[in-house]
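In the form predicted alone, a lone chain appears below as structure tokens.
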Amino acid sequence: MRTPKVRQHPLIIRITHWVNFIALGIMVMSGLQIYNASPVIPIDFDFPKSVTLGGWLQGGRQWHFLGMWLFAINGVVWVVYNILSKHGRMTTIFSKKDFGGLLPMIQYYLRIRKKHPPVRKYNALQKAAYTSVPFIALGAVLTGVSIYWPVQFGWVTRLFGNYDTARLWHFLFMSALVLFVAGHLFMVAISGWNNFTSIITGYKRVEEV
């Protein structure tokens, strides 16, 4: 007998999740093309063409700019929805009451604590990650703007020191986003197939919730 399913992810969360995945993929691959043409770190190394997008510097910049607009607009929709909706405020955004859940989850992941702490949809560490990511993304967008339009937005460039340091900060912010996605994919992989399909269908079987 098949167990019943419950609603897990609203439609807007599923759409923004996959748009974000596509936009970040465009930004990362085109960013690697830009890096090959003008390295941020003075190391004699080029990323393989198979993982780059754009074919040349200007092509990479154009794709990167497209990905930035998708990423920024999609991110605003996600943030606004989570702030205004009960779903976001209750399940996604980190709040004062979640501080007490940080240490137990860290102890559990370090195998110091054997029993999984009681949680709802997301645990305290997950909520802290989801809440911090928009700020990292904002840093990536601001540094991107400061190096794409260093004259028109010179004041933004100066916030990060100068053009060269803004490029370094942009590289670090984007690297942090990639690490978050890698960790996210790892957690999804170890959580089982039903956890993955729920972000497509929106539903999850009762015993998995």
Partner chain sequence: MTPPDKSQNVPGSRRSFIAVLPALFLAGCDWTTGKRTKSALKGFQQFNDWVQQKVFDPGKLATEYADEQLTPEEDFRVNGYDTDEPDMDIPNWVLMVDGLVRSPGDYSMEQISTLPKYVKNLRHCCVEGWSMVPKWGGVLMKDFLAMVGADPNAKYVSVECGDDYYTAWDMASTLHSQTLLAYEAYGKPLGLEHGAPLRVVMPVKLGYKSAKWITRLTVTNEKPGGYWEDRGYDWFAGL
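Positions refer to the first chain, counted from 1. Computed from a predicted model, the values in this text were never measured in an experiment. For clarity, a rigid core is taken as the largest C-alpha set superposing within 1.5 Å between two forms.
Not pictured, yet referred to below: the form predicted in complex with its partner chain.
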Is there a heavy atom of Phe135 lying 4.5 Å or less from a heavy atom of its partner chain in the predicted bound form?
-> no
Could you tell me if Ser85 has a non-hydrogen atom within 4.5 Å of its partner chain in the predicted bound form?
-> no
Taking the shortest heavy atom distance, is His170 within 4.5 Å of its partner chain in the predicted bound form?
-> no
With the partner left out of view, is Ser175 within 4.5 angstroms of its partner chain in the predicted bound form by any non-hydrogen atom?
-> no
Go through Val77, Ala129, Leu102, Val119 and name the one with a heavy atom inside 4.5 Å of its partner chain in the predicted bound form.
-> Val119
Partner contacts in the predicted bound form for 135-173 (non-hydrogen atom within 4.5 angstroms of its partner chain) | Tyr148, Trp149, Pro150, Val151, Gln152, Phe153, Arg158, Asn162, Tyr163, Asp164, Arg167
Taking the rigid core as the reference frame, is the Cα of Arg111 displaced by 2 Å or more between the shown form and the other one?
-> yes
